[in-house]
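Here are two versions of the same chain, shown separately as structure tokens and labelled structure 1 and structure 2.
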Structure 1
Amino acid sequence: MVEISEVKAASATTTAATAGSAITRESRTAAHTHIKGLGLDEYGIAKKVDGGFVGQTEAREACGVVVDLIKSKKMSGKAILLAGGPGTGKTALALAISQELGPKVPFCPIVGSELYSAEVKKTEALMENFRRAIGLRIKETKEVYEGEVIEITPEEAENPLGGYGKTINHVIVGLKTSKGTKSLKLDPSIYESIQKERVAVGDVVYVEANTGSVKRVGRSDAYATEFDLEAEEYVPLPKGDVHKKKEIVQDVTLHDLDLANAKPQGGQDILSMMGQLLKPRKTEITEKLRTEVNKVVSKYIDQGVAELVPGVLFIDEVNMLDIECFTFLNRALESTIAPIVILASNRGMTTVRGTDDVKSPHGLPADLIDRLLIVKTLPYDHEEIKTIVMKRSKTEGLILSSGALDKLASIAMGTSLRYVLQLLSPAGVLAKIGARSEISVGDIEECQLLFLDARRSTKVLEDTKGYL
């Protein structure tokens, strides 16, 4: 039997700042941490430089339409392909879509090569990620006892197993609200939860009537004084009765439900625990179990207890998938419960992996391409590259002369943006050695001689009859 109420897993969504977040300084800790949103105005028109983006206005506006469709729940089971050269912002666009959707919508990013695992089949790994990208918002009305603790009295009894020690028979907990007080006689297992939560007299807690779980909310504000230096969170005395009904919203993914129901609930004896340790770390979840989970999910949705939240599955370097994965992807997209799928590829006409001679655009079979909305990302022009290089130099704390900035933009037009950004740090080192506060054209030219781009390094191998 599948029990949704047993699941206590948190939503697997990625928590991120929204597009309107205030940024006081240029900062980034990884490749795409500066992306804060799509950078669109209230009419869906892309601003030239905003949200961490520079240029790519058409692609950002297209993604803005996709975000609106997802929010209005008209994109479930459909797929988008971000097609463009390396370094044109495909991954950044997918992350920006997740930022715009907010923290409660599941976003599951993977790379095509991730699916090739020795532990499980490729199709199983793909299905797992599909289920991670589908959220379920469960609304439960629970009976709780809430109030300020005025008494905790454990009542002991003689140990039934003999010996000198005593055992806790039950615990008396007194709770007070603005409306009155109530004394509860609770099970000894709840006393353990009270000790784990470090509950003391004067704390505000709530106890779930069905499960017996105890949650410490904070310290009652009646104990707060102006001279109190403790780092304590003070909360007001709860209103209403001690015993009340409370609506609790819980966000989980379908993969959380699959895992919760796939693991056998063994006993606490040593043999059971040893058995769980000796099992393989990762096991396949059967199709039968997923069908049962889907049935229960559908029943809860029909009853209005839960709401399905289709998230985003982002597959980068989708050309790395093979024909088996593409066939599976076609079927998964037609499922009644499916997320929004965003694919990204930087290939043109190329052979579909797993076939001998089938060539297709972006390395995808023709029947899958027909299902896709294709968003193109274009190479950056000279001015856009200058803006990107200037922003990156500020992030790294480097000062560029105007000549050096023009030189880098010109190099990028003939090589790639990524190559130019890689030259920034070494050029900064050369300027420091030369006791200069800003990077000059000479520093850039010297770096260009020291560090080759892909075209020149290939030519070196050709000239020296090296390996191609």
Structure 2
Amino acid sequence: MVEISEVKAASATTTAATAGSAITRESRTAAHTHIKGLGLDEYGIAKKVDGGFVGQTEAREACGVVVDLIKSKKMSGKAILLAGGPGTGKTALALAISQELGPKVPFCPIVGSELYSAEVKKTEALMENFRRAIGLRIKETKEVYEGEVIEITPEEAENPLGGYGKTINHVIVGLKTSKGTKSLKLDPSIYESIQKERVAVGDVVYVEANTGSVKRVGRSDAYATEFDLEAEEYVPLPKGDVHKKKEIVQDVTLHDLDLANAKPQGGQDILSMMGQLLKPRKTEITEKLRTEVNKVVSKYIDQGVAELVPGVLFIDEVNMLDIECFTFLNRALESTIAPIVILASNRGMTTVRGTDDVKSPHGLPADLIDRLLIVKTLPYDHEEIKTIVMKRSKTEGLILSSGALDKLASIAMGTSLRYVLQLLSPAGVLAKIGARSEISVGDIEECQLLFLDARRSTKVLEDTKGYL
């Protein structure tokens, strides 16, 4: 049980903890750092070069429609397939979709081959990722203490058990709103969560009266000019009383709820903590537990306490899945709570994995293809490749001579865009060694000799009869 009591007279000492940093979403690979969104105008029309994208306008516009459908919640249970050759921007498009959706919509990216692990069944891993992609927005009215932190003072006492060291008896936290200030005397357990949330003087926080959990809302406006380099979220000084009822919105995924309910509930004492350190207990999420969680979730939804936010499950290189996974996908898409599934495949007609000899387009079985909206990505022309390479070299801080740029574009036409983009950084190194600020045609040619593309590498193997 936690203890919160209000203190009448505020003490003067303040202790500042380390400043918290805002959590931002990281993109999964640095290969796409130049992609900032789909680059569409207000009518959903793609500008030739925008959002980090070059060309591929039809696919970008189609993805824009998908984003609109997801936002208006008309898309759940449907699936999209991005189909096109290697390096035509399928992964980049999926990332752009997630950027357009914003951080409030769950986006769970996986690669087909991730599902193969010795420990977890493939379909089980798929199910888990399905649930990571379904969000729940829970609204609750709670009794809270909210304000800008003006003081954090832990009050120590001699260790009651004797010996050295002191224990923290309680912590005094001063909170300020536009209406006034209040000092709270808080339980030591709350001090721990204050440290965990990295709360410092000048932050706006609220403490839940019932549970004592502390939530950092952001940094107070008054400090806005202090660290303007930091990616901080600044919030205004809360209005009204410090002690009040507040509507709290929490975004969780179904997987979060599964996990929270599967964790063995232990006490906070040292012994059980040691126990956890010594033998980490595996959390087991069973089908039964999921059904229970679903029941509670639908009850919340019926009561209007929670709202379902179907997010996106992106399965890259989907041709790596086998027939068992595809069957699962088919069934899972029919469930009443399903996310939007986006698949990507760079295969043409190939054998479906796990079957003897079922050939199918994109390596997907026919009954799954039937359910998909297919967005195709086309190969780039010489000019488009030049623009993409230019963009990429800017992101990497490299300067290309115009000859080198042309050379790279021609190589890309014969090999792939990805190969050329990969040549950029080694070419940058060569130019640096030669004390040149610009990458020259020679640097590119040398890199081409040093690093093979897939086709030449295959040829070497054929010519030398493999490694025999």
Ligand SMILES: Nc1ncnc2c1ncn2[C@@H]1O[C@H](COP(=O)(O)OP(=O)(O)OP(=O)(O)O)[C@@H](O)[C@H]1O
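Here, a residue number simply tells you its place in the sequence of structure 1, counted from 1. Each form is matched to the other, and the largest set of C-alpha atoms that superpose within 1.5 Å is called the rigid core. Since the structure is predicted, the reported quantities are computational estimates derived from the model, not experimental observations.
For this session: Quick one: identify the form predicted alone, either 1 or 2.
Result: That would be structure 1.
Problem set entry | CA of Asp241, rigid core aligned, shift of 2 Å or more between structure 1 and structure 2 | Shift at Asp241: 2 Å or more after core fit.
Exercise. Relative to the superposed rigid core, does the CA atom of His255 travel 2 Å or more between structure 1 and structure 2?
Worked result: After core superposition, the displacement of the His255 C-alpha between structure 1 and structure 2 stays below 2 Å, so no.
Problem set entry | C-alpha of Ile190 moved at least 2 Å between structure 1 and structure 2 on rigid core | Yes, its C-alpha moves 2 Å or more.
Problem set entry | Value in Å for the CA shift of Arg219 between structure 1 and structure 2, taken after the core is superposed | A shift of 10.6 Å at the C-alpha.
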